[in-house]
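One chain comes next, on its own, written out as structure tokens in the form predicted on its own.
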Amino acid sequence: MNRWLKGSYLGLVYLFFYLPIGVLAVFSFNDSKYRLTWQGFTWRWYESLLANEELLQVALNSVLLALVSATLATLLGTLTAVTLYRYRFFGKKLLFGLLYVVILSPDIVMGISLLILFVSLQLPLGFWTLLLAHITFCLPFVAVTVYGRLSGFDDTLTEAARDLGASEWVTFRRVLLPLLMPAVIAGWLLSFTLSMDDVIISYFVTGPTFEILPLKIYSMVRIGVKPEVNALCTLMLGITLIMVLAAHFLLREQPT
């Protein structure tokens, strides 16, 4: 009985999470432009999406921004985690705590503070300010994820590598990085998702020369969600699922 209750509770939680996503995917095939009732199956919203060059360009902008920011945040976050774990220096605990400050700070605070910084530096708002902002709020998540992996790491492996004459770079590349790869990939996926999803911070630091999908959809929903948006979100969901499955396949334990 207890096992059945736990299973039912878990099922309800997942239903709450994924039911809205399922409704969105179903209505992307609905042959009705304005009604929320099922009018029949159709592919025309996907055909209309492929013909909408403006919406596709905005989606490509978001993907480009997410790819670049996630990659740079993963690189910097991994190096930050390794530095905080392996080396001793003045202010180490303070710097580690500041990572959590960025994670816990409200998005509106981050957005306004970054806007003030960019205006003070006289940086034109656009792709580069968006990129710097996304790296800023993604980097702590990567650092914390990789640091958590390092906390359970066997230090004798790096000591053995140094005893065998390996340099710091060789030890990192041949010993640390392969063992950290699951956390690194998880951090990259998390950063990519956060970048694709961000609205509030991007709203403050974007400019008229570079538009991204979350802000575009936010401006469109004021007059109603078009079926093309449902189709685009369904495609993005499919790409996300493929990425997660690919990461799971790459990180699964190989038989010995």
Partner chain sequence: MRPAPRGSLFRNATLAVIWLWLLVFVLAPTAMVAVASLLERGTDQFVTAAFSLESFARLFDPLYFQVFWNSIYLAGVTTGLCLLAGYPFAWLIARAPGRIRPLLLLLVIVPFWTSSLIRTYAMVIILKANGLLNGLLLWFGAIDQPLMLLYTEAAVIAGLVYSLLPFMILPLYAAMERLDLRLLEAARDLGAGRTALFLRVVFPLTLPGMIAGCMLVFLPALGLFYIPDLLGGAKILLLGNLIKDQFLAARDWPFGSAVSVVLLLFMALFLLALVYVRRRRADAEAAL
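Everything numeric here is computed off the predicted structure, so don't read it as measured data. Positions refer to the first chain, counted from 1. The term rigid core refers to the maximal set of C-alpha atoms that superpose within 1.5 Å between the two forms.
Omitted from view is the form predicted together with the partner chain, to which the following refers.
Undergrad: Does the 4.5 Å heavy atom contact test between N52 and the partner chain in the predicted bound form come out positive?
TA: Contact check for N52: no, nothing within 4.5 Å of the partner chain in the predicted bound form.
Undergrad: Answer yes if any heavy atom of I135 is within 4.5 Å of a heavy atom of the partner chain in the predicted bound form; otherwise answer no.
TA: Contact check for I135: yes, within 4.5 Å of the partner chain in the predicted bound form.
Undergrad: Closest heavy atom of I239 to the partner chain in the predicted bound form, within 4.5 Å or not?
TA: Answer no; every heavy atom of I239 is more than 4.5 Å from the partner chain in the predicted bound form.
Undergrad: Under a 4.5 Å heavy atom criterion, is L179 part of the interface with the partner chain in the predicted bound form?
TA: No, no contact at 4.5 Å.
Undergrad: Note which of Y46, F204, W188, F210 lies within 4.5 Å of the partner chain in the predicted bound form, where distance is taken over heavy atoms; exactly one does.
TA: Partner contact (heavy atom, 4.5 Å) among the options: F204.
Undergrad: Across 108 to 143, which residues bring a heavy atom to within 4.5 Å of the partner chain in the predicted bound form?
TA: Stretch hits, in order: I108, V109, I112, S113, L114, L115, I116, L117, F118, V119, S120, L132, I135, T136, L139, F141.
Undergrad: Spell out whether the Cα of F210 moves at least 2 Å between this form and the one not shown when the two forms are superposed on their rigid core.
TA: Result for F210: no, shift under 2 Å.
Undergrad: For F27, decide whether the Cα shift between this form and the one not shown is 2 Å or greater, given a superposition on the rigid core.
TA: Shift at F27: 2 Å or more after core fit.
Undergrad: Core superposed first: is there a CA shift of 2 Å or greater at A70 between this form and the one not shown?
TA: No; A70 is a residue whose C-alpha shifts by less than 2 Å between this form and the one not shown when the cores are overlaid.
Undergrad: Thinking of the 3 angstroms or more shift, are the C-alphas of D107 and T240 brought closer or pushed farther apart in the predicted bound form than in this view?
TA: The answer is closer, because the C-alphas of D107 and T240 approach each other in the predicted bound form by 3 Å or more.
Undergrad: Taking the shown form as the reference, report whether the CA atoms of D107 and L241 lie closer or farther apart in the predicted bound form; the distance changes by 3 angstroms or more.
TA: Closer together, which means the C-alphas of D107 and L241 are at least 3 Å nearer in the predicted bound form.
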